[in-house]
Ligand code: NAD
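Okay, so here's just one chain, in structure tokens, the form predicted alone.
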Amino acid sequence: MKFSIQSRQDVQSNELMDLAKTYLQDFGLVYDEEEPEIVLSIGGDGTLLHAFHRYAKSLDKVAFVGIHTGHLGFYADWKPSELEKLVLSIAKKEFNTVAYPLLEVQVHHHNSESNTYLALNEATIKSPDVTLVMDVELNGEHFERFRGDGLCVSTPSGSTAYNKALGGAIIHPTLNAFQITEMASINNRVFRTVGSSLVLPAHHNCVLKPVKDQQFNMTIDHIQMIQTDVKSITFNVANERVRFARFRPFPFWERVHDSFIANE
């Protein structure tokens, strides 16, 4: 089996990376950064996001597993003290894989080619200096004209990240859906939005159309970019899925409880 490792690049993460690499190679696994079958992320959920985008073009061939060297994460669920146990399980291939839906984002321009992106957590659209004004279409029908700070479109597995901070719903990561959540929408006698998060199934799509020709700040997970000359932005559940290596039960609602409710 071929493997690679993504480190957060702090001292502890790098030490664990070196140990994991040595242990796995001792068991006969091959270190291959180009075509790994399993990717170890050592750091936090942000580190795993970097690993996902690094191997986004080979998602059908790779599975991810995370070791957290900070706070317990939704993706990084192994402790540093469990490294030897994890390595042994990988070497014996004692794991299954689970697949979670991703978000596909297509940015269509007036005068240039379209661009397509995959998001593991979310995509956000904001206007840098003025109110964001976007017509929102659902399945080809006009739904509302949004005015506010921005919009966040998230995957189920990303619903516990920025989406939750905005007041969006927490969605179980196995559900084939995506969610649209507002950022500080303007609602008064003149301007109205739905004011609630919208959860769309996989056979639906959402299209945002700028009302004015303006510049937008867009994020795809941790990746930031500036978009200009935008005609429309289409969101839907991607055909691709992300795979995680599971070595033991991973009770999602228990993780939600431990992350947001339990006192440690």
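A quick note: this is a predicted structure, and the numbers were derived from the prediction, not measured. Sequential numbering from 1, following the sequence displayed.
The following text describes the form predicted in complex with nicotinamide-adenine-dinucleotide, which does not appear among the structures shown.
Trainee: Pick from 62 to 70, 198 to 206, 23 to 31, 214 to 222: which stretch has non-hydrogen atoms within 4.5 Å of nicotinamide-adenine-dinucleotide in the predicted bound form?
Mentor: In short, 214 to 222.
Trainee: With a cut-off of 4.5 Å between heavy atoms, is residue 46 one of the residues that contacts nicotinamide-adenine-dinucleotide in the predicted bound form?
Mentor: Residue 46: contacts nicotinamide-adenine-dinucleotide in the predicted bound form.
Trainee: Taking any heavy atom pair closer than or equal to 4.5 Å as contact, tell me whether residue 184 reaches nicotinamide-adenine-dinucleotide in the predicted bound form.
Mentor: Outside the cut-off, so no.
Trainee: Spell out, yes or no, whether the shortest heavy atom distance between residue 160 and nicotinamide-adenine-dinucleotide in the predicted bound form is within 4.5 Å.
Mentor: Flag for residue 160 set to yes.
Trainee: Taking heavy atoms and a 4.5 Å cut-off, does residue 190 contact nicotinamide-adenine-dinucleotide in the predicted bound form?
Mentor: Outside the cut-off, so no.
Trainee: Only one of 74, 117, 100, 78 gets a heavy atom within 4.5 Å of nicotinamide-adenine-dinucleotide in the predicted bound form. Which one?
Mentor: Exactly one residue meets the criterion: 74.
Trainee: Taking nicotinamide-adenine-dinucleotide in the predicted bound form, which residues along 105 to 142 bring a heavy atom to within 4.5 Å of it?
Mentor: 121, 122 sit within 4.5 Å of the partner.
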